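The chain that follows stands alone, in the form predicted on its own, written as structure tokens.
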Amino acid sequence: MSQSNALAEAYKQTNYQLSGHGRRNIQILKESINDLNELQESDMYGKGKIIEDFQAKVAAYLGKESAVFFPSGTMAQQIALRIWCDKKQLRKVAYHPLSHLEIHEEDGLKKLHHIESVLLADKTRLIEMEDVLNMQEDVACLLLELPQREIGGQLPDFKTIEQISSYCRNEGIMLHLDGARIFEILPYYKKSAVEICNLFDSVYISFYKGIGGIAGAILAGDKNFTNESKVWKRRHGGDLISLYPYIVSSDYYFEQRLDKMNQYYEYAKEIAELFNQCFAVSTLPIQPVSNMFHVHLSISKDKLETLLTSIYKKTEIGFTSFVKEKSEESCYFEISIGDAIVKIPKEKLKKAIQMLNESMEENHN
């Protein structure tokens, strides 16, 4: 067994896991449907009360005229950008070099829609107003991801978003929000979803990340936009005969967890502070701006996996199941705080992080 597989297996065996809402198993669905009327009718090919009511509910929450439920965010965002490119008759969009569309979708936007990406900023920092002003190419749409996951969930200040939004509207550039984790950033900005989404022409949100549903996404905007998105959804094969298991779990956990986002955020700051006290360990950002952050360590990936596997077995607490290499002598992992955190005894968690500190010191001696 490789060390990476050993780490993943050790993580599975822990009694307490630091990230998320707990184990993703069939219980997620069972809990969400427990109190439903068994005679509740399902949706049929994107129509029906259960899907239409949920779409209207989320549209109102976001302050948008209309919303459409999709089985995946990958499908939803490619479609959003295709619609804006068609509207502007220009097949170029701008976004961050570490956007999900650029690094996780097998070039779907380019291969399926023949849309060219214009990359702003670099891989180490956020898109700033200066990057938008200095674009050398005309684009139909600019995509902003809030928070920027691949660099620790960092966020621009709100004034920057307002400036970018104003510039795009003046220049006729459509502005799309990759808001997969929009619920998680509301406590930091101290803004409502409506206040944020008003700055964007279209919005995508996820229901399996911070909310913790099974799967599913919403694409929201004006009615002309969402009506076009329904056509593209059918073309992409996204109109399954029924999506209600995704809708039901999305709605259930939306109600259960939306008001807990501030609690997750406060826990994230506390835990990041503990990691930052460890030898040769730092978080990105140093103080989290949402419920997620990255933990960077000055140690090789293989050595860290060995250390973590040992810590998990001794403490029964798992930090992560997966470590990413940064260089030969550095690596990092992601933490995303949810319901699971409240089940961990604080002293046990502190002991596990202290054990990491001691292991890192020993490694460097």
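Predicted model only: the values in this text are computed from it and were never measured. In this text, residue numbers run from 1 along the sequence as written.
A second form of this protein, the form predicted together with a further copy of the same chain, is not displayed here; the remarks below concern that form.
The unique member of Pro285, Pro97, Pro71, Pro156 whose heavy atoms fall within 4.5 Å of a further copy of the same chain in the model of the complex = Going through each option in turn, the one that passes is Pro71.
ask   = Tell me, which of Lys313, Lys30, Lys324, Lys47 has a heavy atom within 4.5 angstroms of a further copy of the same chain in the model of the complex?
value = Among Lys313, Lys30, Lys324, Lys47, a heavy atom within 4.5 Å of a further copy of the same chain in the model of the complex occurs only for Lys30.
task = Using heavy atoms and a 4.5 Å cut-off, decide whether His104, Ala215 and Trp232 all contact a further copy of the same chain in the model of the complex.
result = Yes.
query = in the model of the complex, which of 39 to 47, 293 to 301, 335 to 343, 54 to 62 comes within 4.5 Å of a further copy of the same chain (heavy atoms)?
reply = Stretch 39 to 47 is the one.
ask   = Any chance Arg24 has a heavy atom within 4.5 Å of a further copy of the same chain in the model of the complex?
value = Yes, Arg24 is a contact residue.
message = in the model of the complex, does His176 come within 4.5 Å of a further copy of the same chain, counting heavy atoms only?
response = Heavy-atom contact with a further copy of the same chain at 4.5 Å: absent for His176.
is_contact(Leu243, a further copy of the same chain) in the model of the complex, heavy atom dist at most 4.5 Å = Answer yes; at least one heavy atom of Leu243 falls within 4.5 Å of a further copy of the same chain in the model of the complex.
ask   = Given that the partner is absent here, does Tyr252 sit within 4.5 Å of a further copy of the same chain in the model of the complex, heavy atoms only?
value = No, Tyr252 is distant from the partner.
query = What are the residues of 1 to 19, in order along the chain, with a heavy atom within 4.5 Å of a further copy of the same chain in the model of the complex?
reply = Counting only heavy atoms within 4.5 Å of a further copy of the same chain in the model of the complex, the single contacting residue of 1 to 19 is Lys12.
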